[in-house]
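Only one chain is shown below, in structure tokens, and it's the form predicted alone.
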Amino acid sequence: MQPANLFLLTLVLAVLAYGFGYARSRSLAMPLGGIRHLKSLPFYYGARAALWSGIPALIVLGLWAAFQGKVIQLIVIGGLPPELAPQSEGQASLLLSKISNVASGALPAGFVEAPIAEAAERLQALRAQSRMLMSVLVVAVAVLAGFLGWLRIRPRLNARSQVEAILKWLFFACAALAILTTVGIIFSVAFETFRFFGKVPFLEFFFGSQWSPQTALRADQVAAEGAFGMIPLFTGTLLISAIAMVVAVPVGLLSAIYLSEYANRKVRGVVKPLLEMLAGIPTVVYGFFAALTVAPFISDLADSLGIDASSQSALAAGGVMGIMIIPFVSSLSDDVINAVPQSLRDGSLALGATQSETMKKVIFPAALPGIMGGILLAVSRAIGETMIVVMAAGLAANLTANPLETVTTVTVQIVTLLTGDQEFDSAKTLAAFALGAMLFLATLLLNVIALKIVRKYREQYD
């Protein structure tokens, strides 16, 4: 049985355990005069039986599914004759891929050596045995654990406290899983980044002004040496992000001021949802709009004015990206402005200030920390955007500040480096992880600054 089907079966068994536990608690309460003589409600007895049945079975299922592939691979590789035994991890990976292709039928057995064909048959047999053993073990654990949970139900058993304690640990496990996933991502990126700096000098990456990651994959191949200076990529990223923020911040902020302070309820109820609909448009659609409409328009306009402009430009990508970010800025700013206490408005108006003066001298300064935090979060969003830049700004890593020229960004180059068949030991591929690490640090710094600003000043206006 496949793990997904086994997972559903485990849930069904847990539901059955809940039903039996619920019924047993009520049956035990009947001779005593009703459920008021139970230590907990029948729901908790059923939930306890369900948790006893489901949690151990799911743990066994998860561990088995996580390690069965590696164990089977070791057994298959260990069964090969010495002359076919791999000498490195790379050879082992290629050999396992070949065996798996034969086992799946993608590669006919007659096209490979006899030991490989036998290994493929052994792989299929081990997989079938593993699935059968996993199914039997998981079902057995679910049934036995559920039976024990059902058997230990007593009227004086405090099932509620036990269920709440188990759920508390489950919630903690979910939170820990999210944190550990983030830590794992950081360590994996950091590990590959250190490998990259073992191949490319640290100073070349940080201070180099040329980006051309094409390198020779084989010793006998003629190719460029490769240049890994990140300055053109971060310059392009900052240029496009700056253009996007020039568009998004004024429009988004003024929209928020209008909707929160000047628009009546009917207008706000119509305009605000329409404005926020921009956030629901896929970025690829924005990319189409930038590549097919905005970029040609900018190019034609520049030609009519006698200015040289590329058909793909930072201005087109940044402008459309700014439109995409408008609802992000406007929604955050609107929430912050509305969070300013009404007493500040009333006090200003009572002293004779106009609505405009109240906005400029009272509400806006009070909401400024939150607005700045929202803008910094929007900058993080702009830095991480990829699709619009790919379609409207091109792939050329030019070190320029001219918005009418083609540029590229860090995220676009990461996608380019990891697209297609790659050799993960080459400097070209490892460069993607180094760029990712630098981008992660940049966005993390911006988010930390934004959160610090919001948290530091929020309490002053509560």
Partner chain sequence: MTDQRSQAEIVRQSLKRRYRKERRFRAYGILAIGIALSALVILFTDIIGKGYTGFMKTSITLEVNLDGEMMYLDDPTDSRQLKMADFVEPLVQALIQEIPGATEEDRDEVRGLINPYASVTLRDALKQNPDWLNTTRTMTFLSHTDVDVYVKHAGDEGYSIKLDEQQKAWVDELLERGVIETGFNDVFFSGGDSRDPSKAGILGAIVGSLLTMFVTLVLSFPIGVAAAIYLEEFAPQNKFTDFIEVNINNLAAVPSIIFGLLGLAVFINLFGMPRSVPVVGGLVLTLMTLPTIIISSRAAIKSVPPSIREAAEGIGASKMQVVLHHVLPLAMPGMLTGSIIGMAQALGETAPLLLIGMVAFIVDVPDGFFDSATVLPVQVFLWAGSPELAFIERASAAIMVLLAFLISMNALAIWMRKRLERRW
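Definition used throughout: the rigid core is the maximal C-alpha set that superposes within 1.5 Å between two forms. Numbering follows the first chain given and starts at 1. Bear in mind that the values here come from a model prediction, so they are computed numbers and not experimental data.
A second form of this protein, the form predicted together with its partner chain, is not displayed here; the remarks below concern that form.
- Annotated contact segment (heavy atom within 4.5 Å of its partner chain in the predicted complex): 433-441, selected among 29-37, 397-405, 51-59, 433-441.
- The candidate spot formed by A178, F289 and M391 lies fully in contact with its partner chain in the predicted complex, as each residue has a heavy atom within 4.5 Å of it.
- Of the listed positions (I75, V139, I281, M372), a single one reaches within 4.5 angstroms of its partner chain by any non-hydrogen atom in the predicted complex, namely I281.
- Out of the listed residues L151, L133, L94, V285, V285 is the one that sits within 4.5 Å of its partner chain in the predicted complex by at least one heavy atom.
- For F171, a non-hydrogen atom is located within 4.5 Å of its partner chain in the predicted complex, even though that partner is not displayed.
- Interface membership of R455, defined by any non-hydrogen atom within 4.5 Å of its partner chain in the predicted complex, is confirmed.
- Contact annotation for K360: at least one heavy atom lies within 4.5 Å of its partner chain in the predicted complex.
- Shown alone here, V189 lies within 4.5 Å of its partner chain in the predicted complex, counting heavy atoms only.
- Within 4.5 angstroms of its partner chain in the predicted complex, the stretch 377-407 places a non-hydrogen atom from each of S380, G384, T386, M387, V390, M391, taken in sequence order.
- After superposing the rigid core, the Cα of Q413 is displaced by less than 2 Å between this form and the one not shown.
- Once the rigid core is used as the reference frame, the Cα position of F172 differs between this form and the one not shown by 2 Å or more.
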